[in-house]
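Only one chain is given next, in structure tokens, and it is the form predicted on its own.
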Amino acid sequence: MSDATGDPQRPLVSVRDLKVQFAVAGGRQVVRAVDGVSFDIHRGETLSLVGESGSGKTTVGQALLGVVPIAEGEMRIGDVSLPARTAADRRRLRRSAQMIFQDPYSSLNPRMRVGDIIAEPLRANGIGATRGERQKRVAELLGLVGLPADAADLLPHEFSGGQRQRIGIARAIATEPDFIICDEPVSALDVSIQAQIVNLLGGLQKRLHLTYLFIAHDLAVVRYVSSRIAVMYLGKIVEIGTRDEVIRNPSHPYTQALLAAVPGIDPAREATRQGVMLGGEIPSPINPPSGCAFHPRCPLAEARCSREVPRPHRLSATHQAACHLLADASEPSKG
């Protein structure tokens, strides 16, 4: 999918003030799953969305693919504005944007042979004029993900979890997409297999010039895959920056708490890092806290944190975080 402007500096993916809401309790209550999220993803990079379960990460990915309706905001992938309005745009989006799912067990049809699973997006998008051409493409895709060609004749239950995720990856790259949403693609796998899948995704990104939105809660994994990291809490991005900025200089108390829970993620800073202990659970998005949503769990919270919503504070050209304490630190001393 090429950008209509032809501008190489134009982001491949652009999201502005995205809001996704779900009505519950017969429409009497509203879940604010995503509440004003904005970010860009440039070609060839990986933006990781990080946060606890319930932070809204997966909903952002689903909104980009049109799986859930949006309440407000603007989105674009390539030169297609979302949600796609025309049949032609929907066809282009299906071919150019794909998803790798979290669970390699439930994301594959147990009654379909692997070759048919991978060939399904080829048929749906008119790729390969004959069955023989599609079978040849399936064999190529299996080779790209490290599986033998004869895997096409087997059923999903005949494979391990890591092999099933490779099948899911082969299906995702079948249409030669530009953009892939990786929805916690290693969280359901054994630790010994996670590194293999992460390395596979990195190799495919370089070989096929892919752009990733990598959704995860494990910062130890995110450290190895990310170009940039966005930290989400209760539907909002509270910090975003390059991988090194977020990992080595976490500025929001929530980011600091997430990193403190991952021992040894940055050995150079391990001895000097000031850990922020994270207590309690993420509040309900039906009735979010006033002011800064993180203030009920934040050990550094002040009185105004419960009253005022913090604005993003720019720490560098590529790094910003939404915290009142950062704004105070940047103000000149008085008196």
Partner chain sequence: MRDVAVRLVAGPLEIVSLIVILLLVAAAVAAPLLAPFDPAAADGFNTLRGPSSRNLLGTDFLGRDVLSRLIYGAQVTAAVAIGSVAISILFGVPLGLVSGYFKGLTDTVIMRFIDALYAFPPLLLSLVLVAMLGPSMYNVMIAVGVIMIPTFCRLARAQALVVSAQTYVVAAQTIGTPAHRIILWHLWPNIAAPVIVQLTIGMAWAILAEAALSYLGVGVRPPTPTWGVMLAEGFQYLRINPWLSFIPGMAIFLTVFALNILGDALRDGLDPRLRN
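On a predicted model such as this, the values are computed, not experimentally measured, just so you know. Positions refer to the first chain, counted from 1.
This next part talks about the form predicted in complex with the partner chain, which is not shown.
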Taking the shortest heavy atom distance, is residue 130 within 4.5 Å of the partner chain in the predicted bound form?
-> no
Flag residue 111 as yes or no: does it have a non-hydrogen atom within 4.5 angstroms of any non-hydrogen atom of the partner chain in the predicted bound form?
-> yes
May I ask you to state whether residue 217 is within 4.5 Å of the partner chain in the predicted bound form, using heavy atom distances?
-> no
Does any heavy atom of residue 244 come within 4.5 Å of a heavy atom of the partner chain in the predicted bound form?
-> no
Pick from 298, 31, 65, 47: which residue has any heavy atom within 4.5 angstroms of the partner chain in the predicted bound form?
-> 65
Students should find that, of 194, 163, 251, 98, the residue having a non-hydrogen atom no more than 4.5 angstroms from the partner chain in the predicted bound form is 98
Listed range touching the partner chain, judged in the predicted bound form by heavy atoms within 4.5 Å, from 103-111, 208-216, 75-83, 223-231 = 103-111
Residues of 109-142 having any heavy atom within 4.5 Å of the partner chain in the predicted bound form, listed in sequence order | 109, 110, 111, 112, 120, 121, 123, 124, 125
